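Only one chain comes next, encoded as structure tokens, the form predicted on its own.
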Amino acid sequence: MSEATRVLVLNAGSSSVKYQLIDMVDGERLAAGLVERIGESEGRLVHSPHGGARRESAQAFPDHSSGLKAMAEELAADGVGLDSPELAAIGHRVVHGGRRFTAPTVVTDEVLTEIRRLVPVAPLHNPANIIGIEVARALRPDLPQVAVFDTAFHTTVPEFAARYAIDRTVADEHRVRRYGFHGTSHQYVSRATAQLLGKDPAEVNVIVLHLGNGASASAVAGGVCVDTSMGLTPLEGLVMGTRSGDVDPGVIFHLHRVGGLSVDEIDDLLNRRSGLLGLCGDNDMREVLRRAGEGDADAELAFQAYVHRLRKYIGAYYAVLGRVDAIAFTAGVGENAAPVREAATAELESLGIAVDPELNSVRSGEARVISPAYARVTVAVVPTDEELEIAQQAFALVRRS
């Protein structure tokens, strides 16, 4: 019998499932795909086998079970089906693990119950993650299902940084504290940055800037996260595509008492109609940059607000770490928007931070340094790979079991 060296990674959303099948011998992607518009009248499945032509089909997926079964059929057609003895585990992205789950965890009934208990603090994400786990367990009940938590990497944040300065009894009763998110990305990128520098992660202090439609920053000291910008929810911190990031909590009371907005309306405003979208009507940084380049004042304001918040967090985390060896830009905006990287690090040479315009302008899918040789702090672009991180953590866990 062949040795089980493959991990299927599932990222289940409320109406979609992203998946990758990875061979852990060499990290090769055997297949990747997306099932979307689950529960709508017409869904879509996109499947890309390794070395083969991409396949796309439109069909109805009434629920996640039907979507995952369709995924399984596509994998089977490529000869890498869910019944393969080479499949070692299924790794699941789970957004919120609270304080209990500090590492990847094999899913049991007890674990699933605890993930359900965390739904009130992750109502948009954990329910979908649970569905993905339940369907996968039904498809392969004999196979280890491993939950890898977005919050786990941030559980090392010191208590004084994780606590909000509100009544402790109230906070503890309702589990109010800083949890942080995008943890698999921050963990992967901080380690990959150390590798880029040719050093052990334990020797390197890194500020990681994960800039996608959702965006977060982290301060990583010797491979250990000591602060992060997202908090109880993914709303806190940086200006994002549709989320406000940091706001005075009094804004919420004002909008309710004076503006007459309900709690749900304010929730929708801050999460879905704020950030770049709220400031200029576009949440795609490419469009914001295009408009700003043409002299659009709203787009220019949105861009400046975005990079101003980034600079504030770079400065804050520089102070938290005391010594910074590298700043790593990652995710869609971080990896591809050279003007964002340039503006976010501008006029910081007194801190040893600078970007070389020529290096910064290079487009590449590889990790690379974009700071000049004289800079004390290395500025780098480091592509993230959350799926590989989930697969590695899941595989390491089942190998130890």
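Source: prediction; values computed, not measured. Throughout, we count residues from 1 along the sequence that is shown.
What comes next is about the form predicted together with adenosine-5'-diphosphate (ADP), which does not appear here.
The shortest heavy atom separation between Val107 and adenosine-5'-diphosphate (ADP) in the model of the complex exceeds 4.5 Å. The closest heavy atom approach of Ala128 to adenosine-5'-diphosphate (ADP) in the model of the complex falls outside 4.5 Å. Proximity of Met285 to adenosine-5'-diphosphate (ADP) in the model of the complex falls within the 4.5 Å heavy atom cutoff.
Though the partner is left out of this view, Thr242 does not reach within 4.5 Å of adenosine-5'-diphosphate (ADP) in the model of the complex, counting heavy atoms only. Stretch 326-334 is the answer when you ask which of 172-180, 313-321, 326-334, 67-75 has residues with heavy atoms within 4.5 Å of adenosine-5'-diphosphate (ADP) in the model of the complex. For the options Asn213, Ser84, Thr102, Gln304, the one in contact with adenosine-5'-diphosphate (ADP) in the model of the complex, meaning a heavy atom within 4.5 Å, is Asn213. This chain is displayed alone, yet in the model of the complex one of Leu232, Leu196, Leu289, Val135 has a heavy atom within 4.5 Å of adenosine-5'-diphosphate (ADP); that residue is Leu289. Along 349-374, a single residue, Arg363, places a heavy atom within 4.5 Å of adenosine-5'-diphosphate (ADP) in the model of the complex.
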